[in-house]
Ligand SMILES: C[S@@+](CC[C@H](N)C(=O)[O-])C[C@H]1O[C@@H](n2cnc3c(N)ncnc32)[C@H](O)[C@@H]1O
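Only one chain comes next, encoded as structure tokens, the form predicted on its own.
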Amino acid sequence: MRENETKPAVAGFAADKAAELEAIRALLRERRGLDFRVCRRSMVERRVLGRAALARASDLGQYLARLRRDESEIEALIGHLTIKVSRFCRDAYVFAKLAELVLPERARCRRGAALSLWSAGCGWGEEAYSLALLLRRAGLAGSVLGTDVHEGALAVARAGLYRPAALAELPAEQVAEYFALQAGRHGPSYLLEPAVRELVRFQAHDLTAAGPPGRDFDLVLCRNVLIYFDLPTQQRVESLLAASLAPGGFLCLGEAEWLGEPPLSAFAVADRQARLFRKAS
């Protein structure tokens, strides 16, 4: 789940719809196995109301009835609840540190063995592919796992086709080298080259309900995801992320996030501005 969501107008909705809201969350647990009770209630309520308004429901009761009969609206709501706001190499300082500090250090530790990177909460795939681009440009062997709870977002990620705004922070020479311009009915798009896409594997994974999707990662990128969870869930997910890392591996969080205690005691701060932590060897 990502930050900077738009707050739609929700005029016409009453404030005392707790029962309908809980019924909607129960429906998502039943139909998709996703438990939004672990997310901050204010965020869930705001986004459900926003999606109901976009769906032209007169109230949450009517919107709940639609969800019960319309699987496509369930998918639309999940997409709205897990809004993704990202771009390739978003925040140049962070990705410079990954390229200058993290990848060289982990390559030395691995002594030529392939690196293993994880983008948790990868959304449309931009950050997972950004890690693949770092590997490619550094000439390092490795692979990237991208995970998210939203199957629709993962389908987009696997296609590797992006609108120009997603590439806004990439240097023009990298866009020209790694992307092919595609004409489309809704304007131009850019297709990431197969050699980079092949470095990334995408799979569904719920950070709040499952164990790590792997172990011994050299780098875990989980940016602007923890801020949407309640405190007990944040602590549980932080411990999961720590357990997934190799000794000496790195964890990168979002600019508004910081590790709690524990598992902060298991890490050294590698770069405060980049929210970059190194796990004890």
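Note that residue numbering follows the sequence shown and begins at 1. Bear in mind the structure is a predicted one, so any value in this text is a computation, not a measurement.
From this point on, the text means the form predicted in complex with the ligand, which you will not see here.
Although the partner is absent from the chain shown here, none of L117, F202 and P212 has a heavy atom within 4.5 Å of the ligand in the model of the complex. Of the candidate stretches 134-142, 193-201, 172-180, 86-94, only 86-94 has residues whose heavy atoms lie within 4.5 Å of the ligand in the model of the complex.
The shortest heavy atom separation between R106 and the ligand in the model of the complex exceeds 4.5 Å. In the model of the complex, the ligand sits beyond 4.5 Å of every heavy atom of S244. Mapping the unseen interface onto this chain, A157 falls outside it, with no heavy atom inside 4.5 Å of the ligand in the model of the complex. Though the partner is left out of this view, R223 does reach within 4.5 Å of the ligand in the model of the complex, counting heavy atoms only. Put simply, of V102, V149, L77, L167 only one has a heavy atom within 4.5 Å of the ligand in the model of the complex, and it is V149.
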